[in-house]
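Shown next as structure tokens: one chain only, the form predicted on its own.
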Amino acid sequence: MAGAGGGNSDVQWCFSQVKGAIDDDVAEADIISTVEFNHSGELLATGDKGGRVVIFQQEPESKNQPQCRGEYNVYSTFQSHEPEFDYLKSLEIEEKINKIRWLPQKNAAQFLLSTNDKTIKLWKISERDKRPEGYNLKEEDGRYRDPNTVTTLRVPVFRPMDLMVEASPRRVFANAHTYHINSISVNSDCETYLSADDLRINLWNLEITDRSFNIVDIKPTNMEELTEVITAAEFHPNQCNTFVYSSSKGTIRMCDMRASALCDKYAKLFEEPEDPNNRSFFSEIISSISDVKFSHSGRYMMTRDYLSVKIWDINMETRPVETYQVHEYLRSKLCSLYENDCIFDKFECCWNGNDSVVMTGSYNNFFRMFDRGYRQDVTLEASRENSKPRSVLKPRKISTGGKRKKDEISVDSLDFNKKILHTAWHPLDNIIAVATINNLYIFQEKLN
């Protein structure tokens, strides 16, 4: 599989680390709900259902082991959101972190946006390794001195101290969404960002918390006429006026904010006509798009529906230029997946650093990679059985009927409770992060 470096179709992936408890009985609060690398890949953030954000930092590479890239260790942990109660609507608001997005770094500090169903927060993560000493009016323990006892003036100095990482909330963007927020996306102008819920998309300035502009509103006057909802939204990586949003009907709309203040009229509509041979009771559910991501170049966008990943050229609306089947063998199992609610799972997808490979999750803790140039695909598994350091991941094969070969796994034995919904790819390196229920697996390319 080609990677961030590209041009090589046989990258071998090996186990690097696993984070999280081994226990079988998982606390609801520990379930990972989002994973995101920052723009350099040095930091990796995860959010969970308990409202916590855990940031891992990549250690510098060791000179003794040049073949081993630096491991990720805990850098900072903080409680981003708390459970709330909406007294007007008698609704509990979960603390679960739905999305994390890093802002491009401008100074020594890092900034990220995190959101639950209703409230978005801007966090500053900064380091302190010096402390001031030698105040004139304060003792070292912080007590104020009587000014009459001060007989000489001292110049305060900075003294070294143990490194402290502080996370402080700089802005709280609240009360703008009636429905549950499913997406946030930072604009390439680094001044604004969008937030999307089921029926509306709002545009915010990062400095202004008390107002936002509504740029998309698909709420019908009569809610009984509601036929679709917004499932994901993202800004173009380098055109600050362009954004896309996907819907539960399998369409993607591209909007241009230069055209009008309210982007109710889209600039482009991307939709693939449905194959009449595949029409079934479940067609509408499985065509719902769970994630949309622009390529780093901005030329393509990738969408994930229940069974497939599609790559669209933004200059061609009629059909995707590439379609990859993620787990087509589940088409015959849709009835039982509907009964156990798995059919509503929202799988995310991601690009590698140079847009040559895409990755997304599946069931049984499998995840899939599709090499666009070599037209190759591979199924890998995140499990503690293969968790010896630098052990190479063996490709997994699923038997779809007939005689099962050795090393193949039968479709009937797949565990639908084990699923990989959230994945992330290092922007510059062949390092990937994959979230199982409450564990974060980090894999890297095997270096000779």
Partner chain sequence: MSGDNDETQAPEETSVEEKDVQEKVISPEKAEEAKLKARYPNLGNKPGGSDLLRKRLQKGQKYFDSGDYNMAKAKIKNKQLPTAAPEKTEITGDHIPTPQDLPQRKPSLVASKLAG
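Only the largest set of C-alpha atoms that superpose within 1.5 Å between the two forms is called the rigid core. Positions refer to the first chain, counted from 1. In this text the structure is predicted, and so the values were computed from the model without any measurement.
Unshown form predicted in complex with its partner chain; subsequent notes refer to it.
Remark: E36 does not count among the residues lining its partner chain in the model of the complex, judged by a heavy atom distance of 4.5 Å or less. Mapping the unseen interface onto this chain, S332 counts among the residues with a heavy atom inside 4.5 Å of its partner chain in the model of the complex. Interface membership of N438, defined by any non-hydrogen atom within 4.5 Å of its partner chain in the model of the complex, is confirmed. Using a 4.5 angstroms limit between non-hydrogen atoms, R154 is distant from its partner chain in the model of the complex. Partner contacts here mean any heavy atom within 4.5 Å of its partner chain in the model of the complex, and among 365-373, 257-265, 107-115, 91-99 they occur only in 91-99. The three residues T379, S413 and F443 each lack any heavy atom within 4.5 Å of its partner chain in the model of the complex. Checking S297, T77, N214, N175 against its partner chain in the model of the complex, a heavy atom within 4.5 Å turns up for just one residue: T77.
When you look in the model of the complex, the only residue of I125, C240, I286, C342 with a non-hydrogen atom within 4.5 Å of its partner chain is I286. Within 4.5 angstroms of its partner chain in the model of the complex, the stretch 189-211 places a non-hydrogen atom from each of D198, L199, taken in sequence order. Annotation for R375: C-alpha shift under 2 angstroms between this form and the one not shown, rigid core superposed. Once both forms are fitted on their rigid core, the CA atom of K106 lies less than 2 Å apart between this form and the one not shown. Once the rigid core is used as the reference frame, the Cα position of E139 differs between this form and the one not shown by 2 Å or more.
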